[in-house]
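The data below hold one chain only, encoded as structure tokens and taken in the form predicted on its own.
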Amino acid sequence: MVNIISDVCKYIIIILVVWYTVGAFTALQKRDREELKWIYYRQNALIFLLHGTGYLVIVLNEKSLEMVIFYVAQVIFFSVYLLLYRSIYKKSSMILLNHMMFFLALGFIMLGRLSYEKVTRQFVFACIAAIVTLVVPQMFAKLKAARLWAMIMGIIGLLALAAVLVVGQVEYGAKLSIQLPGGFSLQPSEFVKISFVLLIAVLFRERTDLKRVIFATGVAGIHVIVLVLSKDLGAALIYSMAYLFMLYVASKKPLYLAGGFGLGACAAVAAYFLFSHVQTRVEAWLNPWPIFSGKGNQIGNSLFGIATGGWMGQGLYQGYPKLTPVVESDFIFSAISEEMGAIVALCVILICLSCLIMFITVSIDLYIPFYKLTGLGLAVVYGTQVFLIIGGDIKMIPSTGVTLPFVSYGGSSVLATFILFGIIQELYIKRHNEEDRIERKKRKQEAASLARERAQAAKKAGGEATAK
């Protein structure tokens, strides 16, 4: 009976995710606020249905009262957060808020299926992050304060990366995090990528002459070098891509972009010869099958899982995602593909693309250079991170050890992504306010023009009456 319900729920999940994805792209094209409002409410319903369907299967398989209580706690969290956010930030982007909830719900489902301990920890991380970041848009609201904080946080961020280099905990050949009391760990690079973007936006907000470009490149280079010395090459690549595109947008000189990619290619070759764990990942990427029992086990099992999932997926608890090492973080996308299927996996990619389009659209329409560069930098950070994890899971590129935002296990990743989305929300509100201001100014000018025309017509009519 449980297997039958699981099979039915598998198809229900596919329908719900596809329906949600269609709504995500429909919302990008709509301008009527009433139509958009109904799309947002429908997406909310789909998220709760998806979450409930997934946890129905989990509860039936786990046969645990604790899981039922945990599911109810998640529903309360989603409901309260949606209500609070909408009441505090009435002009925020509801589509981005819905995407956050969608990815969190999907992550809770997959982590709940994989590990009760880790999903409960992830839930605690998400609750703390949601509460803390409710004030992020307000903190970022004032330009002067944002500039000042960018400089301060840039310095603190660089010191945090240096601390990881000195006392960081080695994980999979790289120093990624600092161990905290209580068995928790902090990964500073997740937060520093945001302060890094703000710092570069401050440096390029007013001028991009050669002297400023050299200085900014030096600042970016120090960040990247510290990450390379820590062997956190995935983060180093994200930082590098963010800097290159911000430099290109600020200077409008393609030569800088081309030169940056050239240096990046040389650095990648150097990293291969300098670091043994990079050689291992490249070797596994090129051909994992001869070394499947050793170095190629992770990517090999990932590919097996994706292949056995097919279009429709094996269904929750019907696959073997736990055979893939670190599946709950680095290879969560392969677990989704295996048990939910390629259709759901493609929808996840499309919703990530929808977020990226929103980020870029919001940024392009802003007038103040600091805000424009901040938005574009965060868009590159988000897009590069998504590309790296999905590309690594499907063997498009070597694995880099980054997380899928909101979905993968990791408290630092969840909090940093909440902050990133919070800043984008404030930029969206600023763009919305600018549009309203322009519209009011246009209406005022039209009203003044109409008043002048009426005055001229009245004057003309009065002159004609006097002549008669």
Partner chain sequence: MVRYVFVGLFVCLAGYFAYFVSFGSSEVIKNPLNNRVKNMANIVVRGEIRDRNGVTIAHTETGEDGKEVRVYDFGSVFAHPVGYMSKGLTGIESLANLDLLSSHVGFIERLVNEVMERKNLGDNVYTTMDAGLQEFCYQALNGQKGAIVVNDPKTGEILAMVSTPGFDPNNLDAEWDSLTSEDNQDGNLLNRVTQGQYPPGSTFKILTALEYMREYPDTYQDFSYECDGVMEYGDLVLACHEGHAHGTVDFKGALAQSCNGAFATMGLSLDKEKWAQMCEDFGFNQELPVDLLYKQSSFVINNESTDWDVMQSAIGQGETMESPLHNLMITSTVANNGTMMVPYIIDHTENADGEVVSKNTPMEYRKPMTVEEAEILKEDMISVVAEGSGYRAASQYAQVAGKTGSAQYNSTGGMHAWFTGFAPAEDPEIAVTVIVEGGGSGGEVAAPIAGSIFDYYFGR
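Positions refer to the first chain, counted from 1. Note that the structure is predicted; figures quoted are calculated from it, not measured.
Not pictured, yet referred to below: the form predicted in complex with the partner chain.
Using a 4.5 Å cutoff between non-hydrogen atoms, Gly234 does not count as a contact of the partner chain in the predicted bound form. The partner chain is not drawn, but in the predicted bound form it has a heavy atom within 4.5 Å of Gly383. The closest heavy atom approach of Trp289 to the partner chain in the predicted bound form falls within 4.5 Å.
The closest non-hydrogen atom of Thr217 lies beyond 4.5 Å of the partner chain in the predicted bound form. Across the options 219-227, 339-347, 195-203, 127-135, residues that bring heavy atoms within 4.5 Å of the partner chain in the predicted bound form belong to 339-347.
Checking Phe387, Phe191, Tyr85, Phe77 for any heavy atom within 4.5 Å of the partner chain in the predicted bound form turns up a single hit: Phe387. Proximity to the partner chain in the predicted bound form, defined as a heavy atom within 4.5 Å, holds among Ser329, Asn301, Ser93, Ser251 only for Asn301. Annotation: in the predicted bound form, residues Val2, Tyr320 and Leu353 each come within 4.5 Å of the partner chain through at least one heavy atom. Taking the partner chain as positioned in the predicted bound form, the residues of 356-375 that bring a heavy atom within 4.5 Å of it are, in sequence order, Leu356, Ile357, Ile360, Thr361, Ile364.
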